[in-house]
Ligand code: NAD
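Given next, in structure tokens, is a single chain: the form predicted on its own.
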Amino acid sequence: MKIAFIGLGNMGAPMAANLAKAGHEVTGFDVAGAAAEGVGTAVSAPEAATGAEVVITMLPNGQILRSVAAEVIPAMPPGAVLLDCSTVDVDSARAVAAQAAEAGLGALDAPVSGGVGGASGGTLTFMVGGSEEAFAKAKPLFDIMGQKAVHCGPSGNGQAAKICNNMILGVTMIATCEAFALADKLGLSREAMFDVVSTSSGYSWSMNAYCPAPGVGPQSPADNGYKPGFAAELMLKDLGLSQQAAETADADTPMGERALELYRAFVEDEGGTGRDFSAMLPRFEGRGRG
């Protein structure tokens, strides 16, 4: 398949490289001049998209997605698919899909879970919004770049699934870190805390698979000085998207709103930038009730 890949950053480059390694003809473009192994380079996004059966984008936000879509859609042949793997606001995903449809193209919003490790290892999970026809065309590519792709419904639903999932993740990580900090002050060992909660009604992915306490449970960023597996500023971005969507949909999400406030303070005022989102634990360790 002839593929264009726009956005060869920490996530995009290994995803594009895996497609090339699988035998697809991949041409990439990145505004910063980044490259990917086995991937050809174009001087512009429209040049990369010209004649491509699938154009994949991995971009920082909805505004940039809208701008890139306006450039590449006119260059794409009829029947091609615009596959956006960025995490952006639902409104931008649906606006780009409508623009693609007007041009006779398929469109999928397919944000990912799994981080840089999943991108490199080809083990990402894709949450996909768009038509069945476009999903079927892209499915072989999802199978190369990831281990699972879930079709969540029409355009925008992939983004909806991602931000709802990550709102839960942000809230549960904060609750897990709070509980460890409380356990410390009550004299309960972290190992005992983990052994009880991980097999009781408080278990969660944040506790069982990504424990924020170093030396407890499976290996996690906490065991590597909180070097990011999923950076706190990315959690802040996703929580912001969740609250933007909640406002648009008139949904009451007080826990999501409070999680956004706490991560904003952590990232902007408390040295959280560049640390894993589970570094909320040392943040709570050093704080009292006041």
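Keep in mind that this is a model prediction, so the values were computed, not measured. Throughout, we count residues from 1 along the sequence that is shown.
Keep in mind that the form predicted together with the ligand is not shown, yet the notes after this line are about it.
- Judged against the ligand in the predicted complex with a 4.5 angstroms heavy atom cut-off, the residues 7, 11 and 60 are in contact without exception.
- Only one of the listed residues (202, 115, 154, 122) places a non-hydrogen atom within 4.5 angstroms of the ligand in the predicted complex, and that residue is 115.
- Just one of 246, 64, 255, 42 comes within 4.5 Å of the ligand in the predicted complex, counting any heavy atom, and that one is 64.
- Contact annotation for residue 237: at least one heavy atom lies within 4.5 Å of the ligand in the predicted complex.
- Contact check for residue 86: a heavy atom falls within 4.5 Å of the ligand in the predicted complex.
- The closest heavy atom approach of residue 263 to the ligand in the predicted complex falls outside 4.5 Å.
- Although the partner is absent from this view, residue 48 stays clear of the ligand in the predicted complex, with no non-hydrogen atom inside 4.5 angstroms.
- Per the 4.5 Å heavy atom criterion, the ligand in the predicted complex is contacted by stretch 31 to 39, the sole one of 218 to 226, 48 to 56, 31 to 39, 246 to 254.
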